[in-house]
Every structure is written in structure tokens, then in C-alpha cells.
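The chain below stands alone and is given as C-alpha cells, in the form predicted on its own.
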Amino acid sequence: MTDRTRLRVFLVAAAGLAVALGVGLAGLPRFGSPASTYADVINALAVPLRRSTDAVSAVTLDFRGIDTLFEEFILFAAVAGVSILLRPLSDEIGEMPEDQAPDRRVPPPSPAVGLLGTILAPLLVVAGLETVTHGQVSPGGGFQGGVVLASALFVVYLATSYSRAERFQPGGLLEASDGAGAGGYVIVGVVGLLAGAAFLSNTVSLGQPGNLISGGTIPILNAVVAVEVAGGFVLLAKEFLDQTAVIRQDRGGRRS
């Protein structure tokens, strides 16, 4: 496929997406319009039934927890697919390729930027943990907190170098966390079945509204979701970054 053909395909797809977005945005209710009946029901039931002051977490991890389960496995399948596609082949070597412009001097990372990344990375970890653990109390949760946790590694890479960021990417642990997060969600649901109730039914104390330990299984599900999302996004970053250190060899042994 030529570049011109790719551009035409992209323009057609972009035009279709623009039309779809336009139609969807035009159908949204106006700002300040009355809430829907569904929103009224959720607002009335989230606190008394689930002790969760964040109605969104009550919906995504309890009232409609099955939907989130499928979303988790969509992410899991996407990460697995990308990892399989980007894994080095038998004729690829994991070495940094030589610079195609040997006379060009690549300056080292700025010490100021490196220091900024060193400061920001642990702060992002703390912010991510706070977002995950308070998902049943205030806006946040496992998906949002998992992305924040994964961004700590991106900051290390952007502020330093690939080799420095690679030290924080244990491949086996990342793969295990991605699978453990997806499997942990299922285990929490099966526990409900073992207790004689429905899948994903609450099996622990609901606690008091507004407290850190409240919402029953909602904080547990937030934790396993965060493990999968953080592990999955870091694993994706690792696979893409590893491609910068791949040298391909043709059948004649020549590198490219």
C-alpha cells in the first residue's frame, strides 16, 4: 500500500469518525438539564445500599460490575495482542542500533530534567495510590489510579533515558500483574457465588459512608483493576520502548 493510498484511507476513516462524533455530541443534553431517572435511582441507592459516596464507583464496580469485568478483559486481550506482535523474533537482537549519523553528538539528558523526573515519579505513585484507595469515597478508582501509577514510569523515561527506565520494568512481574488483576476480578465474583449469592455479590462489611474502609467489595475491585491497568500500560510501554533496541538481521547476517 502506497503512502497516497494510506492517506486516502485515513481521510475516509477520519471523516466517518468526525460525522459520528458530531451526531453524538449534538444529541447530548444541554448543560444544567435535569438528571435522568437512572441517575436519580443511583443517587438514591448508592449510599444506603453500598455505603459508597462515589456513585460512579457504585455503578461500575457493583450495580453494573459485569460490564467492568468485560472491559478488564478487553484491555487484557489488547495488551496480550500487542505484546505478541512486538516480541523480538528469532532474527532480532536486543541491542541499541548504531547511530546512522556518526558525526552527530547526542547531548546527555539535562540534570535539571532528570531531577524533576526523580521528584515527580514518586509523587505520581503516591497520587495513584490515593486515587485507587479512595475510589469509593471520592471521584477516582482503579482505572484512573492505574493510569496514574503507570505514568510514573513514563516520567522516568522522558526525564532520563531508555536504559534508565528499563531498570524499572521487570517483564515477568508486569505480565503477572496484568493477569493477576484480570483474574482477581473474577475471583471476587466467584466468592459471591460460593457464599450462596449472585456473581460479584458483596461478601464483606459495607462499613460507614465516607470512611476509607467502606463500600464492601468496591475497594477490593478497585485494587485489582489498578493492578491490571498499571501493569498493562507499563507492559505496553516496555514493548514499544524495547523496539528502539532491536537490530534485525536478514538471512545474510546483515543488520538493519
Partner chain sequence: MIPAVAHPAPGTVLAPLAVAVPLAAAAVLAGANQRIPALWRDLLGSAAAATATVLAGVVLSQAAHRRVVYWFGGWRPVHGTVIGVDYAVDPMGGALAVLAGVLALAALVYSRRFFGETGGRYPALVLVFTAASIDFAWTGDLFNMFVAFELVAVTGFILTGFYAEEEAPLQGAINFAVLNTVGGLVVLTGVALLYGHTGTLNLAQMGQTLAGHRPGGLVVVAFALLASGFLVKAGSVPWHFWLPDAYGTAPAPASILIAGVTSELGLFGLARTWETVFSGAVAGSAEQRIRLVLGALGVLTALVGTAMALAEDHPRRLLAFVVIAHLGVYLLGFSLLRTAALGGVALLAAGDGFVKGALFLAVGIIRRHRRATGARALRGEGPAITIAAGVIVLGVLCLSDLPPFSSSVGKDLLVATAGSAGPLVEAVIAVTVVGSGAAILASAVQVWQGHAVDNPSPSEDAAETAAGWGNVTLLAPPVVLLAAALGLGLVPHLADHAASAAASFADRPGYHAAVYGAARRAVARPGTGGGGVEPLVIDGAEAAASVLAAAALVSRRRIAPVLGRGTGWLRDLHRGHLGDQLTWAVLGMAAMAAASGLALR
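Between two forms, the rigid core is the largest collection of C-alphas that superpose within 1.5 Å. All of these numbers come straight from a predicted model, not from anything done at the bench. Residue numbers count along the first chain shown, from 1.
Quick note: we don't show the form predicted in complex with the partner chain, though the next part is all about it.
In the predicted complex, the partner chain sits within 4.5 Å of a heavy atom of residue 80. Residue contact with the partner chain in the predicted complex: residue 76 places a heavy atom within 4.5 Å of it.
With a 4.5 Å cutoff on heavy atoms, residue 179 counts as touching the partner chain in the predicted complex.
Contact check for residue 130: no non-hydrogen atom falls within 4.5 Å of the partner chain in the predicted complex.
For the stretch 122-157, the set of residues having any non-hydrogen atom within 4.5 angstroms of the partner chain in the predicted complex is empty. When two forms of a protein are overlaid on their rigid core, residues whose CA moves 2 Å or more are considered shifted, and residue 29 is one of them between the shown form and the other one.
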